[in-house]
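To begin, one chain is listed below as structure tokens, in the form predicted on its own.
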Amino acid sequence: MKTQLQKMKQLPAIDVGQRKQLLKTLARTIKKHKKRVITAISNDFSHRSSHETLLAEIMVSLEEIHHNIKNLNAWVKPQIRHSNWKFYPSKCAIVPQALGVVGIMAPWNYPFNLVMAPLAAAISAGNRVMIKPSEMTPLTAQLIKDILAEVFDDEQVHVVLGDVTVASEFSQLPLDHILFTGSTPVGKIIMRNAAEHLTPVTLELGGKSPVLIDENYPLDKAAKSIVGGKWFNAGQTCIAPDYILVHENRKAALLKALTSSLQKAYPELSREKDYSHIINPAHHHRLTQLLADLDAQQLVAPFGTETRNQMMPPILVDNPAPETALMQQEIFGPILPIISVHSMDEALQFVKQRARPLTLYLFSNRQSTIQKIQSQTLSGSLAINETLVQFAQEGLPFGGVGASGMGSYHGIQGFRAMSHMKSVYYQSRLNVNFLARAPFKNWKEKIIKWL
């Protein structure tokens, strides 16, 4: 890896025309291999809904690539800034420049999209790229390597396969930027490793993303959206709703509405092709242990609690205690706690007392409530009256804050994150700067005092 990185660092930035051509070829190649992508991911998961892969892996990746192609000419233009009036008619500008070699470390939950979207940003900015896909989705990782080899030469994009040891070595390379998507504990390790070379990082981490439901918001509408967002990919989504805060007088009705929405979404769960499995036995065991620590009376299971292979049914948990592992850890699975509160203010305090989430979801039609939650909470993003779809907006930066991450990408924000925004000063032919330089005669001193 070190030899490959040294070789790539010696090469110039990819020029703008070639960037656009590479991105166009990447989009065509993804479309050509979409069936292989669906099959590889499903096999890595033991079963993954083909529709979820089409939506979250292929469609979102293609839209990000096309958005970058469309806007790239505007993004690369120098941004003119006015100079201080004392230096008129000199000019200033901010000129985007490729950082060099960007490292992308992708997770297993969306193993294709979370390579392709950061890659699109890095190539748009003119960088060369090294990629470490997740070892937990080996078939997808190999397919990614094969697809990218059709588009890029090895000195433009280099894919590294391997286990955790390889990932650790990868994060210790003297890269010019690292974008890591994964858990908060691993994110801390990546940041420590990168610090050795002062490598800047973009960390897309997780956290417990709460859902707040206002007292007058229709529960059927909220439940339909929550079900769609929580059980997409069986809850294995960094921005999936992690727990719900609802007024105690509405909790029973919400449980009923969620149960009804689940039964409509997955009418025959045992034979349901659109309900994804847990990634592997280890994660399945972790989730069953979270449930084992709870009172069985707290579980609301519309399809029962029996699991087969790596398929875990949706399970609602009625008021788990704050100190349980379920409420301390990011769930990352098809389990959803429902916490009752006495007011929206109590719900707000509950959220503010915990680590800053990657996303906060609010269901409310009252502008006063929306404004209060927007102004008094700090989260990577805020989604109002819907779940998950904020990720698919190319115009919105995606990223966390605090324990849920640092930095962001998508669209122009991704281009800027992968660029050095170089400050450039252009001195005009008319140059009177000598007035502020030695030797300081009396007449110069008078001018300085006047200025």
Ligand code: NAD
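Here the structure is a predicted model, which means the values were calculated and not measured. Sequential numbering from 1, following the sequence displayed.
We do not show the form predicted together with the ligand, though everything after this point is about it.
- Taken together, the three residues 29, 55 and 112 lack any non-hydrogen atom within 4.5 angstroms of the ligand in the model of the complex.
- The ligand is not shown here, but in the model of the complex it comes within 4.5 Å of a heavy atom of residue 133.
- When contacts are judged by a 4.5 Å heavy atom cut-off, residue 357 does not count as touching the ligand in the model of the complex.
- Although the partner is absent here, residue 103 lies well away from the ligand in the model of the complex, with no heavy atom inside 4.5 Å.
- Residue contact check for residue 199: none of its heavy atoms lie within 4.5 Å of the ligand in the model of the complex.
- Among the residues 127, 171, 261, 233, the one placing a heavy atom within 4.5 Å of the ligand in the model of the complex is 171.
- Only one of 190, 175, 213, 347 lies close to the ligand in the model of the complex, with a heavy atom inside 4.5 Å, and it is 190.
- Stretch-level contact check against the ligand in the model of the complex with heavy atoms at 4.5 Å: of 163-171, 253-261, 368-376, 143-151, the positive one is 163-171.
- Within 4.5 angstroms of the ligand in the model of the complex, the stretch 205-244 places a non-hydrogen atom from each of 205, 206, 207, 238, taken in sequence order.
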